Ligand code: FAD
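One chain comes next, on its own, written out as structure tokens in the form predicted on its own.
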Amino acid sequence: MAGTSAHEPSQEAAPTLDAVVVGTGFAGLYMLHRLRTAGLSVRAFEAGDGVGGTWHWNRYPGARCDSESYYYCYSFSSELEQEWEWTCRYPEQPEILRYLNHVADRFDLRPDIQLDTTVTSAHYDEAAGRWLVRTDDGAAVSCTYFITAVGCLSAAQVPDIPGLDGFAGRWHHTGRWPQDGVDLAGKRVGVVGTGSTGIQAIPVIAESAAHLTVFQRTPNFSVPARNAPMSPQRQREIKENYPEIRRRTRETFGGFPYGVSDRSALEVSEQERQEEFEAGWRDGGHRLLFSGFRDLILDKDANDLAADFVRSKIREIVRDPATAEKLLPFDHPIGAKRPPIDTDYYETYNRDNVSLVDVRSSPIEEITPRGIRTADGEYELDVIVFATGFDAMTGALDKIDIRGRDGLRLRDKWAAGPATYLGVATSSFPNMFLITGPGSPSVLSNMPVSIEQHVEWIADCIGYLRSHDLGAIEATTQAEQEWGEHVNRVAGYTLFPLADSWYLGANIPGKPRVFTPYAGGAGKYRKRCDEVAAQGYPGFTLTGA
């Protein structure tokens, strides 16, 4: 049992609540709404000065969603669906942030949100059966249910490069972009990283920078977004068909309103396969990878065909053959990393003011006062942009001192990799719930769909506990172990583990290589969770009040 020292607030002294929610992005806002609607007293803590989660912090040039607007949104309110109008196929960060602020206002959530407040610790008091949650302002609250809505991609990762502190210019991480923006006009800019964020930012930065130098360690596959305005007719069609759209998103593998073809890429003719790939490239978005053929992420031979197709497109688009060759990915299957979609990414390398540096062959050695030095020489820069991603899935939780039974630290329990049951709970941490935690579909799906599924499951679970006069629910060690084995086994049926991606924590030095999301599909996962609830929560220990 975690104790308290003389200078720390005690359970008795702290204000009491039914629940604490950490974070106010898509997950935190909906969790707050559901619990309040159920009559619970709730407070949501937010480190930022506004709601929105990832869409509050990620304001970098070109920040845009890679799921289409009409299903990258809440489904819990038909009125909200009908009144909100998206402007385009793939909304930019400001539009999504406006949407989330609209939700906070429409459902009057702000009175129970505390901004500019970082949760520093959460300790479970076994004798009291409550969590003591402390914040960076020295305050504490006591609650029965501790719910993390911290996001899978929120702990920004700045690479440990010697000399950064001595850089004479300005540097920024895309995940902590200044709210008032950064003036890049006429500047010599260096972008480090070519993952999803870099691929979005690079074309926009190139338009204003005097010169842009891209430092690429790993070439990435990307497909065009084909973004376009949302016509009034399209708006009407979507709103008229929302019930069916939502049904499909809840049943499909990735939480998208379209299924996967039953065709194999290996069983059709070369002409038919090429026509399908061309159609996917022409339509844009995720169709090429996740709709045309059933086996692109399961069979390496099928995947190679799609990879070769995209590599041929890169060679067609990029005029300089040497640059094109640098941009060709060969070290991972297409789709085994989160697949970016772009607007003129490869075309950007045809600009006179853009150059590409391959830091795999010429590694970055240090940051100097004047720029970045690689093995081939120094590149003088005014601004450095780190598009280097996040300590995904667990990083944000590791920043909080979370302790369960007998003072067990969550970061110590997860030192060899995260262990959960259903990705929503972890043993030795009673009444603690993880929204889209490790071991759930989360980042392998359309996030709002998986978020809503978790929030609703957690809210129903808490309702079950209260109606049955139960004080606590805790995952069993056996259920957690079996679920972890299942998650690993399912991942092994796919090509995901063949890439050194942040899915495995490969972007963080020293982090255990564990495939963290659940690759069995959001639709099947939902059914499994529903079965667990319907059967009275097997795999959990439920105790009396």
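All residue numbers are counted from 1 along the displayed sequence. Since we're looking at a predicted model, the values are computed, not measured.
The protein also exists as the form predicted in complex with flavin-adenine dinucleotide; that form is not presented, and the subsequent description refers to it.
**Student:** In the predicted bound form, which of the listed residues (Ser142, Ser154, Thr323, Asn227) lies with a heavy atom within 4.5 Å of flavin-adenine dinucleotide?
**Tutor:** Here the answer is residue option Ser154.
**Student:** Sort through Thr117, Ser291, Ser264, Ser428 and report the residue having a heavy atom within 4.5 Å of flavin-adenine dinucleotide in the predicted bound form.
**Tutor:** Answer to the contact question: Thr117.
**Student:** For the interface check, one of 235 to 243, 273 to 281, 144 to 152, 409 to 417 should have non-hydrogen atoms within 4.5 Å of flavin-adenine dinucleotide in the predicted bound form; which one?
**Tutor:** Result for this chain: 144 to 152.
**Student:** I'd like to know whether Arg338 contacts flavin-adenine dinucleotide in the predicted bound form, with contact meaning heavy atoms within 4.5 angstroms.
**Tutor:** Close contact exists here: in the predicted bound form, Arg338 approaches flavin-adenine dinucleotide to within 4.5 Å, heavy atoms only.
**Student:** Using the partner position in the predicted bound form, report whether Gly48 sits within 4.5 Å of flavin-adenine dinucleotide, counting heavy atoms only.
**Tutor:** Heavy-atom contact with flavin-adenine dinucleotide at 4.5 Å: present for Gly48.
**Student:** With the partner left out here, check for me: in the predicted bound form, does some heavy atom of Ala396 sit within 4.5 Å of flavin-adenine dinucleotide?
**Tutor:** Judged by the heavy-atom cut-off of 4.5 Å, Ala396 is in contact with flavin-adenine dinucleotide in the predicted bound form.
**Student:** Look up in the predicted bound form whether Gln453 has a non-hydrogen atom within 4.5 angstroms of flavin-adenine dinucleotide, and give yes or no.
**Tutor:** No, no contact at 4.5 Å.
**Student:** Please tell me whether the candidate spot formed by Thr24, Tyr60 and Ser445 is one where all three residues come within 4.5 Å of flavin-adenine dinucleotide in the predicted bound form (heavy atoms).
**Tutor:** The answer is yes: all three residues contact the partner (heavy atom, 4.5 Å cut-off).
**Student:** Any residue of 164 to 182 with a heavy atom within 4.5 Å of flavin-adenine dinucleotide in the predicted bound form counts; write them all down in order.
**Tutor:** Nothing in the stretch sits within 4.5 Å of the partner.
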